Structure formats: C-alpha cells, structure tokens
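Before any questions on binding or motion, here is one chain by itself as structure tokens, the form predicted alone.
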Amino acid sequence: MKLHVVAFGCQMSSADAGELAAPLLAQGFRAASEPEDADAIILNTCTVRQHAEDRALSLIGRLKPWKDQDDGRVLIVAGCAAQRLGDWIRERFPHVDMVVGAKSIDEYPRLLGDALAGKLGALAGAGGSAAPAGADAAVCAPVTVMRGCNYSCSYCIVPSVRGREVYRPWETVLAQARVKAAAGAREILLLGQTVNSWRGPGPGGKPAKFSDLLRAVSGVEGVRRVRFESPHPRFFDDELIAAMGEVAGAGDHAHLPAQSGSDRVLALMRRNYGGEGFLALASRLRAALPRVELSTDIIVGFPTETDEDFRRTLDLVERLRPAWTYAFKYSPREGTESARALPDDVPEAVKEERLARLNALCDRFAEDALKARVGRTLEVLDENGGYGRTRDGFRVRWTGPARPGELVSVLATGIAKRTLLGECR
C-alpha cells in the first residue's frame, strides 16, 4: 500500500513528517508521489504564520472526496496547527482519522497503534514486506536533537504548541545519525527550535553540551558534513565556536536570526539582545571562522515599528552583510503576547514597502556572495546527480560527472536564479 506525506512550514516540520511516516513505512507502506494514489496520507502542519496554517486547513478540506471514495483510507493530521486547533479540526473535518499535536510526536508510534492498529494493519498487510527504517535516507538527512523552546519571544507561537525544551538523549541522536549515514546520508542536519541549547548526559554519563554532540555526530562513519538549524544567538559560546571550526559544514555557515535592528523593537520582541551585541557575535564568528557565511531572519512591520526602527534594521543588515536572508511581514498569531498586548498598527502597504526595500538590500548581498564564487573551484556535495551545495550552503548545478553522495570539485562559471552554474573538474 502507499503513503503520501505533506509537510508545511520549516525544516523541523519536514523532519517531523519523516518521523511520522517511519512506523507506516516499517509496516510495508511505500511512498506515493501524489495524494490520489495513496491509501494513507499524513499532513504535518505549521502554525508559525497564518498562511501556512490556512494552506493546511484548505488541503484537509479538499481531501474529503479522496477519503469518501474508500472508507478504508487513512488521513492523519499532525504538527503545530494540530496542537493549536486539534478539537476544532476533529469537529470541522470528521473525515480525519487521527489528530496528533506537536507535543505528542514522541508518543506518536504508541498513539498510532492504539488508535488505528487494525485499520493500518489491514492496509499494510496488503502492501508487501516492510522496508528497513532509514532505507530511504537522502544524501542530506535531518536528525532532530531537541524540541520546544524556553524563550518567550512575544510574536512566536512555538512555545505554546511545542512546549518547553526537551532534549533527545545523546545515544538516540547518534543512533539516528548512524542509521542515516549507513543508508547513504553524507551530510547530517541537526534540528531543533533552539538547537544549540542542547545539553544532557554524554558518554559515561558526563555532562555534555551541543558542542560535544556536534563533534560526535561529525565522527559517525560516512558523515562528511554536519550543519545545524535553528540556533539562538545566546548559545554561540566559545566552546561551540571552537567545535564549529573543527567540523566541515558547521564552520562554513551559521544562521543568526536577528529579527530587527532596533533595540526598542527587540525589547518588545523579548529577544534578549540588542543590535550591537548581535553584531559583536557576528564579528566573533567571522574572526574565529574566516570561511563562515552568515544568514539571518528579519521581521518587518512589528507593532509600533517606526521609520527610524526600520532604518536601524536596514543599518544592521548593511553591517551584517548576510549571504541570504529570510524576511517576513509581521502577522499576529492568536495566543502570543504581541497579538494580545500590542496593536497591529503598521499599515499593510507600509509593511509591503519595507519588505521590498529590505529584500532589495538582501538580494544585493546574496548576488555579491554568488559573484565572488564565479571563477573559483568549489567543493560540492552531490545531492541529486549534478545538483548539490557547497560547504557554506550555496546551491550549485553543473555539467559533467554526477555522483550522488560524493564530494566533487566544480568550477563555478556563472549564476542563474541564485544558483551557481559550473563544470565538474
């Protein structure tokens, strides 16, 4: 039988979707590229932004005819929007078989068995033999090391739907990395809401930090690179920066989410740092890791943001010079402090204009970073036969030999749509 999986939102959502699929794949399900071909569908939802939540809810509604065609089919809705709207989803969409909130993902295999064992067993029994866990691992494979967040950024719904930080055990993380490396993964992406806050018992029960875990994962047989998302600026201590310098990939790119350049707005956001402190961290990283490229997140139009506040954001970005930026217009999320206590008073037209100005500036830095690589021979991990990424995260397409999973040398000869073009050497 066949399983179709849809993940909305961030890389954490995609990784969670893979974990949600694993018990069914182990029962003998095979991947279906289109929902109409599937006997079971998993939707892993996102609620960080209203748009992502709306898309998920719309798809749930559109799947009713698919479900009505065969009552034996299974529809599972999971993730952050499922956590926030679980009871409403059950009432609004009775064709959904199971709703699993983000806080329950670690219990999901048991919950799945309790709720749908007979139905899924009948489906899987008709589908053939089971696939070994991890058999479909990609060249670049995610491993979740923690979930939740202990911070209270005023605009963010994540602590409400994900809960407080929970760290996966050292050996669980390493075991997953080993399985994925054995299945062909050559780059491991460590994931968590504040991934670099990870801590817990390490080998022999001794206290360990994220820097120790990063080194350990890089030592797994077959792993050539390790990266991590999404870090918090607070946890880039000297130990982590030193470890990054020892690990291919980790020391070549760091994501530093700024959100704003205005200290006044950052205080309203409850980000626990100011603009100068943030830029000082960027300088420390660049001094210790000369090859590192930085990326960032920015929110425009936060409540009460003035022209001067936005000017300070542009100034911070100008000084940071990120290789790429994820920029968004503020939208209030029900249940957050900013939605409850602050007016959404920046007009939509002003948000649009500020976002356009910010994107134009960031596009310039991205273009500069790409142009600086033209004419250079780059180390690229082949992810998909002639497509891959450099150690510092730039996308590359090339002509010549294609060897998925191998590190290849590519001469960059041009640029197209934020992707480097080249020739395999």
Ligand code: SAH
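Remember, it's a predicted structure, so these values are computed and weren't measured experimentally. So that there is no doubt, residue numbering starts at 1 and follows the sequence shown.
Heads up, the form predicted together with the named molecule isn't pictured, but that's what we're talking about next.
Q: Using heavy atoms only and a 4.5 Å cut-off, determine which of 353, 318, 297, 344 is in contact with the named molecule in the model of the complex.
A: Going through each option in turn, the one that passes is 297.
Q: Exactly one of 222, 277, 113, 257 has a non-hydrogen atom within 4.5 Å of the named molecule in the model of the complex; which residue is it?
A: Checked against the cut-off, the match is 257.
Q: Which of 213-221, 285-293, 173-181, 331-339 has heavy atoms within 4.5 Å of the named molecule in the model of the complex?
A: Only one stretch qualifies here: 331-339.
Q: Is it true that 20, 105 and 144 each have at least one non-hydrogen atom within 4.5 Å of the named molecule in the model of the complex?
A: So, no: the whole triplet misses the named molecule.
Q: Does any heavy atom of residue 156 come within 4.5 Å of a heavy atom of the named molecule in the model of the complex?
A: Heavy-atom contact with the named molecule at 4.5 Å: present for residue 156.
Q: May I ask you to check whether residue 371 falls inside a 4.5 Å heavy atom distance of the named molecule in the model of the complex?
A: Residue 371: no, not in contact with the named molecule in the model of the complex.
Q: Report yes if any heavy atom of residue 230 sits within 4.5 Å of a heavy atom of the named molecule in the model of the complex; otherwise report no.
A: So residue 230 counts as contacting the named molecule.
Q: Could you confirm whether residue 271 comes within 4.5 Å of the named molecule in the model of the complex, counting heavy atoms only?
A: Residue 271 belongs to the contact set for the named molecule.
Q: Do any residues of 191-217 have a non-hydrogen atom within 4.5 angstroms of the named molecule in the model of the complex? If so, which ones, in sequence order?
A: The stretch touches the partner through 193 alone.
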